[in-house]
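Have a look below at one chain only, the form predicted on its own, in structure tokens format.
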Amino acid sequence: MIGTFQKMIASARGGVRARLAVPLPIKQDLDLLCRVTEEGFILPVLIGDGGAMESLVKKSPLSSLEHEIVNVGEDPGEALSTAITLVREGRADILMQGGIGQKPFMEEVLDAKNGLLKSKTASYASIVQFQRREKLVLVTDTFINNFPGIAEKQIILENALGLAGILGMEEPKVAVISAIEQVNPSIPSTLDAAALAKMAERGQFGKAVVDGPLDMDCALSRVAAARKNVRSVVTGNADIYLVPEIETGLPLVQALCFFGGMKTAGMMLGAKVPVIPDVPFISDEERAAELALAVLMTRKGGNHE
């Protein structure tokens, strides 16, 4: 099982390189692309104004490494459209945001007709590395679905379980988070959590163990859970935290990053190929891990049509 970002990068080395489409790359992207190209698991495909990109590349170590430039001019929309087309036609394996603004990037990727969705719902999983032991946990959805209902949560969970499989989690333990650990009809997320747990009992999520509703202290601490008479293999040992909405998930991950000093990466799931939006608080080292994970997903066919 992959337990650190370094092992994620090490696992991606040595296999078939993935073609990474990057529309309008900026200097910070080139620094990252140099690293992952040297690691040997990425072939960058830079899309935009050919002359400007060649000038940018000449000023970076990427000039001495294998890469491709696709000249489509300066228009950001054309660059993104071409990147998505390359992916849809199988000429690229992974899509990164590059220099495109976050809003237009996500709108194009999630477009039902010309985007990269596999089904009606995509999701985003944050991957957090523990500080004191080799363990990764997933928190989802922290970016795309603001207030998902039970149908969306089912897909969000299935997407996360697919990612957990890529990381080698054979029987993932899922904590479905709510404000309290009791089912309360006045708190809809407790009903959703109970429904998902029941679906898991009936085998709808394969070998995963899903429990909920769980409040955060029950999810994080077996001792705290025992005090509330909650006994479950999930408490204190969850691999996936399925949050009720983005107002819980994103601040949680940001707190782990800024207060807890934990390393954080992330991935859009539910698209035809791995998609990597630019999340500002994720460092270049962690972005390298994102690309390594995307490569592993591509090789294993996870999240890939």
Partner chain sequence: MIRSLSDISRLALEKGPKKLAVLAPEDEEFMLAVKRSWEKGCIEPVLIGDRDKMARVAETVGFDISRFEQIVEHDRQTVSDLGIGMLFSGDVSVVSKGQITTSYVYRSIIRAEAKAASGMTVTVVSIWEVPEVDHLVGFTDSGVNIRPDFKTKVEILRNAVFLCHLLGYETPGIAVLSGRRTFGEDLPSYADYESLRRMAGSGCLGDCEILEATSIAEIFLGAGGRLKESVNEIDLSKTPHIFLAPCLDTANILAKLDLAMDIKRCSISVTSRGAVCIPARSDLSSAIEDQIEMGVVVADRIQEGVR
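What you see is a predicted model; the values in this text were computed from it and never measured. Numbering follows the first chain given and starts at 1.
In what follows, reference is made to the form predicted in complex with the partner chain, a form of this protein that is not presented.
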When the contact criterion is heavy atoms within 4.5 Å, does residue 215 count as touching the partner chain in the predicted complex?
yes
Can any non-hydrogen atom of residue 125 be found within 4.5 angstroms of the partner chain in the predicted complex?
no
Touches the partner chain in the predicted complex: residue 250 (any heavy atom, 4.5 Å):
yes
Even though the partner chain is not shown here, does residue 202 get within 4.5 Å of it in the predicted complex, heavy atoms only?
no
Using heavy atoms only and a 4.5 Å cut-off, determine which of 167, 137, 197, 224 is in contact with the partner chain in the predicted complex.
224
Interface check vs the partner chain in the predicted complex: of 31, 68, 245, 38, the one with a heavy atom inside 4.5 Å is 245
Name the stretch, out of 71-79, 146-154, 115-123, 85-93, where some heavy atom lies within 4.5 Å of the partner chain in the predicted complex.
146-154
In the predicted complex, residues of 169-187 near the partner chain [heavy atom within 4.5 Å]
177, 178, 179, 181, 182, 186, 187
